[in-house]
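The chain below stands alone, shown as structure tokens; this is the form predicted on its own.
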């Protein structure tokens, strides 16, 4: 059955399997339905670069997602964040696919505070696709940007846009689009243990997606998370573990037809 799904992916790249997708990374956000455009997290370089300015520690991490438990649809990602007095510098790398079809993205970001309650970030991306001998490989350059505002105590509003220049790959036969995606959302820290998030996402070529997530810390070391999203309808759950310099997260999401997508990450901050 998995081979059938994989053939569908290769022959009919519908939205669910959209190629050139801006793959998000981080098992914490994955567990919260990727409702993360206003969520303070070390993986903000994949969600909203403005959040990077709120990080106060050097951090690096690695992430792996096995979409629908098919190794050919796996995503690997890494981040390195370096806060300074001038702002936060960040580098991210993501790779999706396998040896016959591979996408990768390298991002270099800068973020800083623009006041006591307002932050902004900008990231330049190199996106590379390697398909086969007839298609070859191409690299394109684009950018993404985000803002974050504390509109009330413990309530943040975030906005992020990816590929506003609408840069696309080109072939002899068709236009291979890189999506332009805008996201707007809130995070609300209800208590020291509880955060809820919500978000709307609009790809110019597809319906609006809505996402919701919640995180509850049952102790200083362990957190539980859950999330939902639509288009496609999906539920997600996960856990976070923290011990001294090390934080690790595990999560999974479930598609009603295609099944489970597990993911995990590990982060070190100092």
Partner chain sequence: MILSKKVILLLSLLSLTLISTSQNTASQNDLIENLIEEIAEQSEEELDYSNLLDELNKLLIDPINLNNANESDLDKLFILNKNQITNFIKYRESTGQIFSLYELQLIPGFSSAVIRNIAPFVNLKQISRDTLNTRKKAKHILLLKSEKTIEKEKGYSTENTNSRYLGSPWKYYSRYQYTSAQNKISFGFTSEKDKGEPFFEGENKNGFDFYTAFVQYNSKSILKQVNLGDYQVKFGQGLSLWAGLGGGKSSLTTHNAYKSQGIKSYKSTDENQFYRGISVLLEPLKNVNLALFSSYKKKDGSLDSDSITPFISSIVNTGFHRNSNEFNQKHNLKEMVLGSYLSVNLNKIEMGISFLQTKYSPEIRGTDAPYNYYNYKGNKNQNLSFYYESQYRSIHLYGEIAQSKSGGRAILQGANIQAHPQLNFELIYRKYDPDYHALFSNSFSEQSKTQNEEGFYMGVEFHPYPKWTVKAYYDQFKFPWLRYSANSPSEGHEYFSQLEFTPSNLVSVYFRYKQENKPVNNSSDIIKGLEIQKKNQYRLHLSAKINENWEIRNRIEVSHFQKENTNENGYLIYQDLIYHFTKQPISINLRYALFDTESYNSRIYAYENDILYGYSVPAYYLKGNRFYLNFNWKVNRNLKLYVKYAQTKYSNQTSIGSSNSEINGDSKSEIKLLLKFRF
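Residue numbers count along the first chain shown, from 1. Just so it is clear, the structure is predicted and the values come from calculations on it, not from any experiment.
This protein has a second form, the form predicted in complex with its partner chain, left out of what is shown; the following refers to that one.
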- Query: Is every one of 76, 98 and 143 in contact with its partner chain in the model of the complex, taking contact as a heavy atom within 4.5 Å?
  - Reply: no
- Task: Report the stretch among 100-108, 84-92, 159-167, 190-198 that approaches its partner chain in the model of the complex to within 4.5 Å, counting heavy atoms only.
- Result: 190-198
- Residue contact check: residue 227 to its partner chain in the model of the complex, 4.5 Å heavy atom: yes
- Query: residue 214: heavy atom within 4.5 Å of its partner chain in the model of the complex?
  - Reply: yes
- So in the model of the complex, does residue 23 come within 4.5 Å of its partner chain, heavy atom to heavy atom? no
- Query: Is there a non-hydrogen atom of residue 235 within 4.5 angstroms of a non-hydrogen atom of its partner chain in the model of the complex?
  - Reply: yes
